[in-house]
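Only one chain comes next, encoded as structure tokens, the form predicted alone.
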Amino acid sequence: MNKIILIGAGNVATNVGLGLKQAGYEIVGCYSRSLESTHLLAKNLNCILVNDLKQLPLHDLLLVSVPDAAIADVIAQLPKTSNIAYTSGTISLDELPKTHKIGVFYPLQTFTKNKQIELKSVPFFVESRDENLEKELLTLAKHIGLRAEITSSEQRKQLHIAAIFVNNFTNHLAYLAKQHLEKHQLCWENLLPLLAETFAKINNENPKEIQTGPARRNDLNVLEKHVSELSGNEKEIYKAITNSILQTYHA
């Protein structure tokens, strides 16, 4: 499975495509509805820009990295004789056409186009109803990453939910903290050493065991003062997370 065509030219396709190329795989073409993104990715990968899904160059695998809502529609347009894999964390195989040979090639990481991730540090999760395709995808994942395993659609869904907590929610909390400091003419950089230490500790210890702060101490006086200073979404988020911590340690 050496010749690969990328369907999609967004954050995931860009990073996975570059990672596959660096691992020695041949990206023979890429396709996307966004011509600007496709031109850029084709240039970076030195591959053909595909204009029509019905006229694909010779390939071993079609790797689909498009928004979840578009996956089923895109796959329905692809040749039924092709090996197909998609990179979503949420779409179950049961939601997709059974007329095609389809697998999952899910990298559990957050990607942006302007920062290439070292894929050897990324865990990959593989699944397929076709045993041979599943083995091929697992081999592909192991060639470019240190961790790769077969998981069911249900397991993948739960991994994605946990990833939302760790990545998307954490990032949003950091945004709220930055916004709060700017509102009070304070410098965001003052929090960066704390943020770095928080993640350093999480990397090495059980998060439950290293929880600190007024909610962990059950310091209701401090909590009430904080809540009185907040309003809107900030207040509701502060209260919701505080209540979760109180229930975890003081229920």
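Each residue number is its position in the shown sequence, starting from 1. Keep in mind the model is a prediction, meaning the values are calculated, not measured.
Same protein, other form: the form predicted in complex with another copy of the chain, not shown, and the subject of what follows.
From the list 79 to 87, 175 to 183, 96 to 104, 128 to 136, the contact stretch for another copy of the chain in the predicted bound form under a 4.5 Å heavy atom rule is 175 to 183.
This chain appears without its partner; in the predicted bound form, the one residue of I48, L40, A70, V222 with a heavy atom within 4.5 Å of another copy of the chain is V222. When another copy of the chain is considered in the predicted bound form, K142 lies well away from it, no heavy atom lying within 4.5 Å. Another copy of the chain in the predicted bound form is not approached by A23, whose heavy atoms all lie more than 4.5 angstroms from it. Under a 4.5 angstroms non-hydrogen atom cutoff, another copy of the chain in the predicted bound form lacks R33 among its neighbouring residues. Proximity of I241 to another copy of the chain in the predicted bound form falls within the 4.5 Å heavy atom cutoff. In sequence order, L195, A196, E197, T198, F199, A200, K201, I202, N203, N206, P207, K208, I210, Q211 are the residues of 195 to 211 having a heavy atom within 4.5 Å of another copy of the chain in the predicted bound form; the partner itself is omitted from this view.
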